[in-house]
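Take a look at this one chain, the form predicted on its own, written out in structure tokens.
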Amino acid sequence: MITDIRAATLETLPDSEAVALRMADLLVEGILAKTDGLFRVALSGGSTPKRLFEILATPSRAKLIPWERVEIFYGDERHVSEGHADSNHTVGQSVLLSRVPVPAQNIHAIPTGATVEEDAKAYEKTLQAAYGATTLDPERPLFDLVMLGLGTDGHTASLFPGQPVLKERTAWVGTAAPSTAPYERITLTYPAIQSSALVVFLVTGASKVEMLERLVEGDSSLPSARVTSEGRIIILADRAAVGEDA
């Protein structure tokens, strides 16, 4: 059964710190609950995920996680050089992955050394190798957890308004060249995100009030509102994002 955004669970939390802490709890719970195979997670970029990474790297939290059972992917990436400050993986590596014992072979950064199209195809092959098939099976999700954000223009991952990748129904990874944001992008497509046991949107700040309202209403003009999952969708929002006074 496919879950669309209108069936998502909205959790309102006091502030962005509470959102990051709740996301940490969901991640730990998911990893510990999975008893067979690796727990595959697609990380996102942004300030709240960065805080999440800091929380997960603290010794008290890190020791709760069997990191050897975790496999790290990314929902999207800017097509910048390795180590670039604007790279999602640079942040993930420096804040979290370099501080916890995730096996190197379990960390899959999106490549950015060739053309954006070549790198997207290469990452799709990486995902297919991890999944063990080239066709997605609705009964066997690609990801145990996909983390997503919400842009003030309604984008999520690098699924920006008006981009051809929004119409992709076969490839697992695509490209985007948004006029409203810097850099070419590589992103998971809707089919790859749908192949998930859990999708969690992290939405914080007063600038997101309008888009969050439209997201939960299922406004299909927003790329974020077209996200579906074969499992559950949870939206973690702080009070500012839902329009409540702090």
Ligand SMILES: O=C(O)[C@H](O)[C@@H](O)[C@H](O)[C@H](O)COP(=O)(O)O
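One-based numbering along the sequence shown. Remember, predicted model here, so these are calculated numbers, not experimental data.
Just so you know, the form predicted together with the ligand exists too; it's not on screen, but the next bit is about it.
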*Check each of 214, 34, 208, 61 and return the one that places a heavy atom within 4.5 angstroms of the ligand in the predicted bound form.*
208
_When the contact criterion is heavy atoms within 4.5 Å, does residue 79 count as touching the ligand in the predicted bound form?_
no
*At the 4.5 Å heavy atom threshold, is residue 40 in contact with the ligand in the predicted bound form?*
no
*Quick one: is residue 47 in contact with the ligand in the predicted bound form, heavy atoms, 4.5 Å cut-off?*
yes
*asked:* residue 150 versus the ligand, in the predicted bound form: is there a non-hydrogen atom within 4.5 Å?
replied: yes
*Whether 88, 157 and 185 all lie within 4.5 angstroms of the ligand in the predicted bound form by heavy atom*: yes
*asked:* For the interface check, one of 168-176, 104-112, 137-145, 70-78 should have non-hydrogen atoms within 4.5 Å of the ligand in the predicted bound form; which one?
replied: 70-78
